[in-house]
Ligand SMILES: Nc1ncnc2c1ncn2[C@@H]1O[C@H](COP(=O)(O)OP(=O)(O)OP(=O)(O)O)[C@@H](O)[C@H]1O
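In the block that follows, a single chain appears as structure tokens, in the form predicted on its own.
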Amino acid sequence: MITAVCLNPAIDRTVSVAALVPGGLNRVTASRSDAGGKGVNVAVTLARLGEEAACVAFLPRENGRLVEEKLRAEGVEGAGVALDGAIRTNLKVLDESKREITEINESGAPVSEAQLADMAALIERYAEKSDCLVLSGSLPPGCPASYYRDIMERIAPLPCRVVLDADAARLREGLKAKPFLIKPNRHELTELTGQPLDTLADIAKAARALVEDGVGLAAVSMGGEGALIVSREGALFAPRMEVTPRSTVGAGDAMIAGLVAGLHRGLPLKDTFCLGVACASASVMSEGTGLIDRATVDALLPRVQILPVT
């Protein structure tokens, strides 16, 4: 089993406008809403890839059932800790003229120390029966930036491999617990290192430093420039695939799911990376946060180009 953790679930509402006019009237040409959050997206994508997936989440009492219903419909085992309040709404505004998305995200329902303790115990129970545990996304109000690190240290004696997809202080703290796999984007890696990462060589050097410091694998998403993965054995680069983009929201979650699925199946690193890239590209082809279609992933796999980085 693979378990994804979602501490700050959301309703992702995506609206399209012909051309975004800041400060002016914008008429919506299309809209959709999806129950999600990064951990939910990862778990659903894993299930669509045919993996046995579970999702552990905080579930606000007011409308947490929307997440539960989404997981159940996708064949994902769900478990949660109840919170007061409602799930936050993340608004994505797609400017069709520029194919550019503006994101407006709420903070989420606050959590207490008792609820954090309950969640840590629940995560540990799932980690005991999981091959991989994915910790991804933002933390709700009241949750310390060290929480992902605390979880990793708590389950360190278990054979479960931990994947961390976080930014800023959450990533910096989490690295202290030496996760098996991290997936920063280029901006997050730049912020982490404090150095300009202008070239592929710069990015590869920064990722290698993280691996040398104890991280098992470092995958870096580079938007329209492709993606990179570094292990102790070397580095691989995947140029951007030529696909028709509809939304980049959720592409990072899809890449994480593909990488974790590959690791769970025991695939070689090249094939694991190939699956991650194909999943991310399939996600880009989906509307809003509609996530991947497995048939699309299968069709894209032979087209993924993987190159060594020296």
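As the structure is a prediction and not an experimental result, all values here were calculated from the model. In this text, residue numbers run from 1 along the sequence as written.
Omitted here: the form predicted in complex with the named molecule. The next part is about that form.
K.L.:
With a 4.5 Å heavy atom cut-off, would you call residue 252 a contact of the named molecule in the model of the complex?
P.N.:
Looking in the model of the complex, residue contacts with the named molecule include residue 252, since a heavy atom lies within 4.5 Å.
K.L.:
Since only the chain is shown here, I'm wondering whether residue 280 would be in contact with the named molecule in the model of the complex (any heavy atom pair within 4.5 Å).
P.N.:
Answer yes; at least one heavy atom of residue 280 falls within 4.5 Å of the named molecule in the model of the complex.
K.L.:
Is residue 243 one of the residues lying within 4.5 Å of the named molecule in the model of the complex, judged by heavy atom distances?
P.N.:
Output for residue 243 is yes: heavy atoms within 4.5 Å of the named molecule.
K.L.:
Does residue 144 reach the named molecule in the model of the complex if we count a contact as any heavy atom within 4.5 Å?
P.N.:
No.
K.L.:
Between 185, 138, 115, 231, only one gets a heavy atom within 4.5 angstroms of the named molecule in the model of the complex; which residue is that?
P.N.:
None of the others qualify; the residue that does is 185.
K.L.:
Which of these residues, 214, 159, 196, 224, gets a heavy atom within 4.5 Å of the named molecule in the model of the complex?
P.N.:
Selected option: 224.
K.L.:
Out of the stretches listed (104-112, 201-209, 72-80, 235-243), which one is close to the named molecule in the model of the complex, meaning heavy atoms within 4.5 Å?
P.N.:
Among the listed stretches, the partner-contacting one is 235-243.
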